[in-house]
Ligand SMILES: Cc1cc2nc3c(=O)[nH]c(=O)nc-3n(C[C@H](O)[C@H](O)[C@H](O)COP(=O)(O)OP(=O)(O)OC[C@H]3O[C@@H](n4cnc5c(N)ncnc54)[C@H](O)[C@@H]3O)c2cc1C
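A single chain comes next, written as structure tokens; it is the form predicted on its own.
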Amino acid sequence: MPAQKHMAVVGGGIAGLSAALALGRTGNDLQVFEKASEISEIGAGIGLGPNAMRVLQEWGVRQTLLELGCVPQQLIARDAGNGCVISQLPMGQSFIDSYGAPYVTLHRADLQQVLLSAVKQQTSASLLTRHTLAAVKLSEHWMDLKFQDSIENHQAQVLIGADGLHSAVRSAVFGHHAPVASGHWAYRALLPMREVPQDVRQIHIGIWMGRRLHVVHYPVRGGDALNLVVLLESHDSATQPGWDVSRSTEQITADLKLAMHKSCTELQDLINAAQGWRAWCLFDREPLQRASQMAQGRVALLGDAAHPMLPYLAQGAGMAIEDAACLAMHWQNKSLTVEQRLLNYAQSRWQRVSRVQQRARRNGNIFHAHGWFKIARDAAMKIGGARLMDLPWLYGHQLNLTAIESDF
């Protein structure tokens, strides 16, 4: 007889663990399936806005995250060519006062381990690794889940797809649609803070904007390391989505040298201080247009499985965390059917995440501006200052349980 659980979550990354934690804390019986041999995170740094930190605070992991990460005191935007400051945004206590939580930067692996520990401590969720979803068979009351290289089938009444850009749940239930190549590459490095040029050793987020590129850096690991990312537009055809694309050291060095040759000395010194660069092709999907793209019947998607986005608003993890909290809130409305609860979740989320997807794409154009567009951007940022750079609609968002009664 197949192993049965009320809920199945496919994906053991940040999105899947967030879903398991949020739903598990409400007493749901669930199983998490992860295709990797162990639940671990690759990548480098991550930013969590106050919108995500308020949720994590409710989940009881705020203090641990603060100990592992950093609270940047400000965001400083500079011109990559001459190094001049264009604008600044106070963060730190200012964000806490405005939004009830700080902005936190940390290593992705640290966030994942905190979530994994919380799932084990706060829920009865069970986790299975080495389980790659191969097929989903829908029936009236149960879904049969078949996994590669597994003789045991599993059944669930509710299926949550949190398995990223190439979601097997999305393909099996919602149909296969290839992600969109942005033509942008990200080169990532993690530097011990002691090796960082002295003038960059500050607890702030730095962004350097140049022609068809920008550079972002911020402290992680309690300030012991600096996460450094160079994001550039490339003539190469980006066909391999993933955190760690196979690209030789020589190729990466040549790309960075070509991209940065007109940058100021201060920025070039920072780039030259880094080693062990990793390449990441940037893909997303078209912004969501309707709720049915996030939930159908007894299947729901969250995080990158539903709405992958470019990292230019630093909200990929934040939206997944919000998704998980919103799904758990709607799930507790026992007066509705399973299908109605999942649809309400999707109705509550799709317009917000669509807006974030659109703004992330737009930011790519703004950050990489040149010519008259750059001149207008810099003037607007200098005049608007913190008011223009702050995002109350994003950071101040409050989750709600508004039902869409007309759908039933």
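This structure is a prediction, so every number in the text was calculated from the model and none was measured. Residue positions are given as counts along the sequence shown, with the first one as 1.
What comes next is about the form predicted in complex with the ligand, which does not appear here.
Taking the partner from the other structure, the ligand in the model of the complex has no heavy atom within 4.5 Å of any heavy atom of residue 76. Residue contact check for residue 186: one or more of its heavy atoms lie within 4.5 Å of the ligand in the model of the complex. In the model of the complex, the ligand sits beyond 4.5 Å of every heavy atom of residue 374.
Contact check for residue 98: every heavy atom lies farther than 4.5 Å from the ligand in the model of the complex. Shown without its partner, this chain lists 30, 356, 56, 46 as candidates; in the model of the complex, only 46 has a non-hydrogen atom within 4.5 angstroms of the ligand.
This chain is displayed without the ligand, yet in the model of the complex the stretch 277 to 285 from 277 to 285, 291 to 299, 253 to 261, 172 to 180 comes within 4.5 Å of it by heavy atoms. The putative spot formed by 10, 108 and 168 is fully lined by the ligand in the model of the complex; each residue has a non-hydrogen atom within 4.5 angstroms of it.
For the partner-free chain shown, 311, 314, 315, 316, 317, 318 of 310 to 333 come within 4.5 angstroms of the ligand in the model of the complex, judged by any non-hydrogen atom.
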